[in-house]
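The chain below stands alone and is given in structure tokens; this is the form predicted on its own.
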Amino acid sequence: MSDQITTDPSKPAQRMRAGSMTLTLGPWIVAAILLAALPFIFTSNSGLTIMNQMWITVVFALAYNMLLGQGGMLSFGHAVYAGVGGFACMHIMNASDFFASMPLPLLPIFGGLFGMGLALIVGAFSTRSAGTVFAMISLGVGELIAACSVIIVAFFGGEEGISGDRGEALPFFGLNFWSQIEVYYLTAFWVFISAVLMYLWSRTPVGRMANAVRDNPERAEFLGYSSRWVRFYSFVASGFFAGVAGGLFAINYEILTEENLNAASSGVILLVTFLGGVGFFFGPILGAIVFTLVQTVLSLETELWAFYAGSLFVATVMFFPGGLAGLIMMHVPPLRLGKLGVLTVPYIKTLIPAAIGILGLCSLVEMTFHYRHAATGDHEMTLFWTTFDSHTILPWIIAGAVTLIGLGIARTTAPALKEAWNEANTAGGKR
């Protein structure tokens, strides 16, 4: 007789208890080392500020992916949970007696609890349905709370928002968190802990059932699970981690305004999550990193950064629905077959001309913007470290030629790339 414990598939409660949570330590150790080492690579305050913003966006994007990627719930107002958590943390900062007795690293927990509290209230009626109904309810709730932010001045501070001072907290092992490097490590600690907890949540029975409810709610109901309650638990957990992100924002910037919970912020996190890839846990992390770099670094070079971010999002949805993470994971089968090298030359022949053609197209866009919006008499512009007169014909001819030639070569070599891709994903043959 075998001593192996079996699970009776006819008993849903037993199946729920039979779930397991596993964690491969290797990637998490690498991530922890990377988080600890980055300040030694990017030592400036601006670099630390960008990384802080990046990690806050990572937590928020992972929380949003608990809804969209795992539960299939499209929310157009998820920024309100991060915003309410952040505003609650600002009020705690301003409660001088209480704040002076609390170490600052505990503050994001309060943000998470307030975000979870709001999610409990909203989720009680919004998670009864999924799909379009849930999306419209989330949009309505988001707009309602955003409107309340300029009406309920006592909590949201009106148009000016609420500010505070993180240095008033109880020192934590002698740290007052006045310097940016101290705030970075606090943020890095919370992003690591939050990511681990959200990953473990995805491995729980509820997290796994969220995938089943997303794909086939009728079948999940037939197996004995309540789709409504699975969505509700996922919604509440997502609200908690969104509130943690809001608390980290309050710590980093020491001010919150209506912009932290309006529809634009909700739209940005939707863009970030889709860009990274909703089908993979690490997808939102990639999306948050790429979008933050575009928003901060690229915005220093051009006023049209939002145009490029939107174009990247549209291209991702149209051609790579799996996002950046999906694009990376597409190369796992060729790697396992040992045929990844088959793609090297076709990639070089196609992607480099395509990149040059896209840069030429961007040049045309920048020149058009400068031609239309530059001050009267301002004909000179600098593009790719080259200064020229945008009102002469030669730069336009060069940019147009680069665009046509680059994209033309990429289109010509694309069939060969497709053949190489099919070969790389077929067992046997050349390696």
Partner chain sequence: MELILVNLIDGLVTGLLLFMLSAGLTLIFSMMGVLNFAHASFYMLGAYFGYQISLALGFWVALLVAPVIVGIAGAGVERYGLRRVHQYGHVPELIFTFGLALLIEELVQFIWGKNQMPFNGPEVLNFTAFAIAGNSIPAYKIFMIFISISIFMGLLYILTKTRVGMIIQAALSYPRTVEALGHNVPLIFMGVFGVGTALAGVAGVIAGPVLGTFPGMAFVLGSIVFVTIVIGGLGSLWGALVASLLIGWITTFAKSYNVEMEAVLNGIGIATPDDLSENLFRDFWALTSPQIADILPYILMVLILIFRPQGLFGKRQS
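Positions refer to the first chain, counted from 1. This is a predicted model, so every value here is computed, not measured.
Quick note: we don't show the form predicted in complex with the partner chain, though the next part is all about it.
Is it the case that A154, even though its partner is missing from this view, gets within 4.5 Å of the partner chain in the model of the complex, heavy atoms only?
Residue-level check for A154: yes, a contact with the partner chain.
Is R336 close enough to the partner chain in the model of the complex to count, meaning some heavy atom within 4.5 Å?
No, no contact at 4.5 Å.
Looking in the model of the complex, any heavy atom of R128 within 4.5 Å of the partner chain?
Close contact exists here: in the model of the complex, R128 approaches the partner chain to within 4.5 Å, heavy atoms only.
May I ask you to state whether F87 is within 4.5 Å of the partner chain in the model of the complex, using heavy atom distances?
F87 lies outside the contact set for the partner chain.
Could you tell me which one of A306, L293, V332, A355 places a heavy atom within 4.5 Å of the partner chain in the model of the complex?
None of the others qualify; the residue that does is A306.
Just one of F192, F282, F76, F177 has a heavy atom within 4.5 angstroms of the partner chain in the model of the complex, so which one?
After the contact test, the surviving option is F76.
Among 168-176, 252-260, 284-292, 319-327, mark the stretch whose residues have heavy atoms within 4.5 Å of the partner chain in the model of the complex.
Only one stretch passes the 4.5 Å heavy-atom test: 319-327.
Can you tell me which residues in 255-281 come within 4.5 angstroms of the partner chain in the model of the complex, by heavy atoms?
A263, G267, L270, L271, F274 sit within 4.5 Å of the partner.
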